[in-house]
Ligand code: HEM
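As a starting point, one isolated chain is supplied in structure tokens, in the form predicted on its own.
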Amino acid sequence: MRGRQSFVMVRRPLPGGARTYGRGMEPSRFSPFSPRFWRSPLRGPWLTSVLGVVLLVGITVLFVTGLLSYAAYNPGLSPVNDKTPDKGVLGFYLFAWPTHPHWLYRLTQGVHVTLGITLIPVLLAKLWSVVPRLFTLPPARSLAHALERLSLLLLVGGGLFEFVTGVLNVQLDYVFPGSFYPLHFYGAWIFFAAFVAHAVLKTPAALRNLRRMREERAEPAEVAEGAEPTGLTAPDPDPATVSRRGALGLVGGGSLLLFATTAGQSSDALRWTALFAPHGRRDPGTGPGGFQINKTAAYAGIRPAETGEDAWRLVVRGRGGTVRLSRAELLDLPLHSAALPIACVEGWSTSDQWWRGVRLRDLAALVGHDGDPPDVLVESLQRHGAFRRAALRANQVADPRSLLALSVNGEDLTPDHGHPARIIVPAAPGVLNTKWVAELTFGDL
């Protein structure tokens, strides 16, 4: 009887060549461990291969831009910049982050976040297409099969973790315990190691399946003659309601929708479309200070009394001693201008804003660092939020566009934009463009 399928068994191979069961051992068709539980006619080598190739390219770009984002913080420069102090050999690639071109971080981090959100439908479709493999029995038929299963579990778990934590960080609703930086960094390495192992094992078969389908020039069959055995094909499929190419079109349409509602966070003209990047879409107001911020003066705990003309002094230290400068005294120094954007780790950025202030290298010269300026430690008045202290490399200090900004777009800085003075450096992450600056210490950090 059909209801006693799990007890009346014969030894038989199943489509895909993945499983063979002995008498009394085949799972019930109502169990996910049975291949007959998975009834979708869409699953098969063609759909899985197409999605896999898209992810092979997309996730590689994601990983590379993520590594670049981490390098942009110059974590090897000073402990105050390093949010993953136990990274060890995983920091082998770190290099001094450049200041040219000035939009570099805006590009790399914008691509990282926008591409990550765009790939979500592809990732979910890929996981759906291979979910039967997570329930194959026996769990391991050989050492090679065990390694493949382990890589698959790490790939699925790591992929979901990275995408979920990344989206929560973009949405400014981060709820995981611990800092986003180390969790996302270490998770990325675990995920990418599993991704590489899986790609090495599966990419040749995926490419062969795609080549075979292209040569046949027909609607992809579930298992073409001579195709690689996958265990994905439903042996007892339900009637099809959409073609495989149609399903792929739905996935692509979802990705295009997410792209269209995310990419605008890096464009003033299209920012209103950034529905899935609410921080980038937030109305910044109008006037010279009408552009995005990552934290307000109120959130940072800045008190108006400590930023007033009579109270605030900039402390500058170096090998030549210490000087204290009021805002009026800073305005009497040679002032310079630079057109630079603000770009944040959440992926949003502004267009170039016109900043005016004192060059960092000129402030270094005031305390005895003539010629090539050294690194600098910047300290803020802020009481809440990360990067109250941040370090900049000597190449960043030396760039003539690196300023202690006093005004933007022709007007004094607003409190939310860092009044009375803030750092602005080309190609640097937004959190290194410290606001409400209180102290600058030039020299060895």
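Worth saying up front: this structure is predicted, and the values here are computed from it rather than measured. Numbering starts at 1 and follows the sequence shown.
Although not depicted, the form predicted in complex with the named molecule is the subject of the following passage.
Among 307 to 315, 284 to 292, 107 to 115, 351 to 359, mark the stretch whose residues have heavy atoms within 4.5 Å of the named molecule in the predicted bound form.
Among the listed stretches, the partner-contacting one is 107 to 115.
According to a 4.5 angstroms non-hydrogen atom cut-off, is K126 in contact with the named molecule in the predicted bound form?
No, K126 sits far enough from the named molecule in the predicted bound form that none of its heavy atoms falls within 4.5 Å.
For V167, is any heavy atom within 4.5 Å of the named molecule in the predicted bound form, or not?
Looking in the predicted bound form, residue contacts with the named molecule include V167, since a heavy atom lies within 4.5 Å.
Quick one: is H184 in contact with the named molecule in the predicted bound form, heavy atoms, 4.5 Å cut-off?
Close contact exists here: in the predicted bound form, H184 approaches the named molecule to within 4.5 Å, heavy atoms only.
Can L51 be called a contact residue for the named molecule in the predicted bound form at 4.5 Å between heavy atoms?
No, no contact at 4.5 Å.
Report the residue, out of L67, L56, A394, L377, that has at least one non-hydrogen atom within 4.5 angstroms of the named molecule in the predicted bound form.
For this set of options, the contacting one is L67.
Which one of S151, T261, T84, T136 is close to the named molecule in the predicted bound form, taking close to mean a heavy atom within 4.5 Å?
Comparing distances to the named molecule in the predicted bound form, the residue within 4.5 Å is T84.
Residues from 345 to 379 in contact with the named molecule (non-hydrogen atom within 4.5 Å) in the predicted bound form:
Read in sequence order, the residues that approach the named molecule (within 4.5 Å, in the predicted bound form) are V345, E346.
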